[in-house]
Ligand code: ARG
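Here you get one chain, nothing else, as structure tokens; it is the form predicted alone.
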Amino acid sequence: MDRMAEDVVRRGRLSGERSGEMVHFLSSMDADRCIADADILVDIAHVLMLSQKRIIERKTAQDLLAALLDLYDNGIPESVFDERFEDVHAGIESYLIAKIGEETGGRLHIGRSRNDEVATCLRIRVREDVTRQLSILLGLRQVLLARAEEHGTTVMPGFTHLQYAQPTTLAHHLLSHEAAFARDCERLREAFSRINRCPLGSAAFATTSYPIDRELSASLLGFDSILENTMDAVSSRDFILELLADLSILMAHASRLCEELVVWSSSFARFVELGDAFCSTSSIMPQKKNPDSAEVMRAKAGSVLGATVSAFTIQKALPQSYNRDLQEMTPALLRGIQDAKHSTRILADMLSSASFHSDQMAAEAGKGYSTATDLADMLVQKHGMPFRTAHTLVGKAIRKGSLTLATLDAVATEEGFVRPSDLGVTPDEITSALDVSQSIDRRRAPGGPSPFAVKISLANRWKALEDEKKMLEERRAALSGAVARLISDARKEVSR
């Protein structure tokens, strides 16, 4: 085995060649590619800390930093990802030793373990993924708000149990989805605060005898704080469990919306037509336009949930502290992140492409006696009838097939109730109560479907969205600023 390909981690305690199958089985290189760039940042921060604490000499730090900056500027060579190394951390260390010699390169790993190193790299990668997912979610919410603004007076049927329930507006319906995605944003923001805590300096699990400065390392890498207990820091992956659980909830929300788009685009409903780019046709039936993107997205919700279950199952029975089982959480994490990211981005574009058939929606809005509740409410509000009596009266009139004054009077006589006509109810009042537009307009409580309530909701939601955009930009600026300062400090140290 040539010097460059030698795994410097194994050469001391272990001997003997592994079979190719065994090497592949233990290697995490496929997943490690996603944290390789983070590993360079962690190495740079660690070397700067070692230098500032005078654990290594300045010249050693300068040579190490120069080699690491070369990797940062020009990319990590493919040789680092050779499966003969168990992971990217060993690959990078072996590369540095081959390039600048063991006298210098062999000091990179002072005061740390791969355990705290990988935990730190994962958190750096995951916090980037969270901010990216938040940005995509904000874009999706913006599309929903914009489409809702277009359809503030577009009448449509509302459903419970997939049965006609009460009329509403398309704006009200779209705002319901935006509200769910807004809570997804809240969950991700809250998760970020727990993700952005630094394990570096924990070493294998019991920290180190070197006089390291964990707070300095954390600050250099843009973390908000350190994870104090070092055993917990290296062996816990609850930040992954939390993120995947949050993404599973997000994808459940996306799947519900996709389910509606599938149903609404059917020939039975004809409420919406999706853009051609998001649909497919049949290989045999030339007339077909199938909402395949929405269907695949429903399946992706299951994929993300599967990744979540996989991650929980891996961690649920592990003793403290670090166990190699944790290596298998990274592929599940990446799968969940990728599926959620692509799905929500495509969902935003698909909604932008949608053409809503407002005439068809309006034609269906009054079907199924969807304003019957308004008639019962009118009997209560204007004529003092007990609600349960009014509810019974209207329900039995529907069984008879009409909601006319004559039918209501007939039912009242049969049931021994006071006849509505004797209370002064008029046919015009019944017509007004059953009118779809008036039914919607009467629902002015906060968050309701009336144009008045929707207008207020839209103003509130737009403001909330803008506030979240500002918070996200501040967070992203803080992270990018930390990386910029880290690299600047490293370059200054090299040139001193």
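Fair warning: this is a prediction, and the values are worked out from it, not measured in the lab. Position 1 is the first residue in the sequence shown; the rest follow in order.
Below, we refer to the form predicted together with arginine, which is not included among the displayed structures.
Among the residues Phe312, Phe159, Tyr322, Phe278, the one placing a heavy atom within 4.5 Å of arginine in the predicted bound form is Tyr322. Contact with arginine in the predicted bound form, judged by any heavy atom within 4.5 Å, is made by just one of Thr407, Ser353, Asn115, Thr153: Asn115. Under a 4.5 angstroms non-hydrogen atom cutoff, arginine in the predicted bound form has Gln327 among its neighbouring residues. Contact check for Asp129: no non-hydrogen atom falls within 4.5 Å of arginine in the predicted bound form. Not displayed here, arginine is kept clear of Asp374 by more than 4.5 Å at the level of heavy atoms in the predicted bound form.
The shortest heavy atom separation between Asp87 and arginine in the predicted bound form is within 4.5 Å. Residues placing heavy atoms within 4.5 Å of arginine in the predicted bound form fall in a single listed stretch, namely 107-115, out of 285-293, 107-115, 75-83, 144-152.
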